[in-house]
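One chain follows as structure tokens, the form predicted on its own.
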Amino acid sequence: MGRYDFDAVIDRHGTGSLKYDCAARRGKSPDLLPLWVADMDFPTAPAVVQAIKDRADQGIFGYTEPDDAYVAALRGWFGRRYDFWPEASWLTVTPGVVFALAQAVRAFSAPGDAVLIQPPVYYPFSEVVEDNGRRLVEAPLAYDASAHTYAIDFDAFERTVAERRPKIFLLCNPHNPAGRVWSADELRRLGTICNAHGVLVVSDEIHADFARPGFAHTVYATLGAAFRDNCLVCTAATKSFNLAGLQASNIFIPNPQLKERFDAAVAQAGYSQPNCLGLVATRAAYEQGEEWLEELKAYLDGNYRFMVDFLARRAPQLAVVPLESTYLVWVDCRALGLDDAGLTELVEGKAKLWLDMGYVFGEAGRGFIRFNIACPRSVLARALDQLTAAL
């Protein structure tokens, strides 16, 4: 037994929770069991809660900036875990990584310019491109249907870059929903292609802390000077410590010219000082939350292995894509022979589950579902029971 209880089921209804209280406004039935959005059903690390309480006791929540202690906490976290030592001058705090992606699109491209993604990929990637009047270009991941694994087709990637001439590549590292932890060699090959063609790399690394045993996350900016000077690295404690509602993300931009342009776009959006308690929570998480996170990861690993075993026994027609990072399990349901409507009816109408359906991740996601396993094991078992009973 560890120090922390991840088995406790906590009722989140009535808290304004996007995951639990907003089904009707999103066209969903309120009786669905939600395992969709990347929001964990675990209380954050006790040290984070205590830091927020201590700060709240002062009772003043005025404009707040990241200070030296905040930067030191970031440097300590990324340095210890990834041998990445960001400088204070590289840091811009934003209210979220998706906000940062949108501002990067606005800062480094013009309306009509191409922006490259690798579907099936986190759906806000395409949204921030198209909502800002840019042209979406895709270099889909290669899927091995026999092994149920994803890889990068580097030849196709390079052809797409050469022919479509994107200004920006939005890199998902680790990849959501494919669950891949890209190796340093894979990242270097991608980066070499981008550098050769003048494509800026914007690396979303929000799931970095969830690399499973046997896998090591590589921060894109650690690949070497040529890669560091042509990238934005987007990070946050929000996924790792379940702090999304506190809206604090840390964007590292080593190239001062790129940072100046990005900061100008952020300012034009009307954003300045970060959420006060977001800064407090992030610092406490990075200074005092490591033990909690490692225990959480062990629990999530148990959930993943439980799910793989459960489906192998009860629903072998569903293929789990091997998970290397994140707590979002990508499941290939194409053997069922259902179209989007049929798969949605199975999941929502019969199994009474609210999952992310694969088609929202792009054409390459059709026939898949995404499961959030960051919940007590009893809840996961209930969801899998409901799904297999529906089958």
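Each residue number is its position in the shown sequence, starting from 1. Predicted model, so just to flag it, every value in this text is computed and none were measured.
Only in words, not in the display: the form predicted together with a small molecule, which the text now covers.
At the 4.5 Å threshold, heavy atoms of Gln103 stay clear of the small molecule in the model of the complex, well away from it.
At a distance threshold of 4.5 angstroms between non-hydrogen atoms, Lys239 is in contact with the small molecule in the model of the complex.
For the chain shown alone, Ile206 is a contact residue for the small molecule in the model of the complex, at least one non-hydrogen atom being within 4.5 angstroms.
Among residues of the shown chain, Asn176 is one whose heavy atoms approach the small molecule to within 4.5 Å in the model of the complex.
With the small molecule omitted here, the record of contacts in the model of the complex names 93-101 of 93-101, 256-264, 285-293, 135-143, defined by a heavy atom within 4.5 Å. Taking a 4.5 Å heavy atom cutoff to the small molecule in the model of the complex, the contact residue among Cys172, Ile168, Leu190, Val233 is Cys172.
Just one of Leu353, Ala47, Ala364, Ala38 comes within 4.5 Å of the small molecule in the model of the complex, counting any heavy atom, and that one is Ala38.
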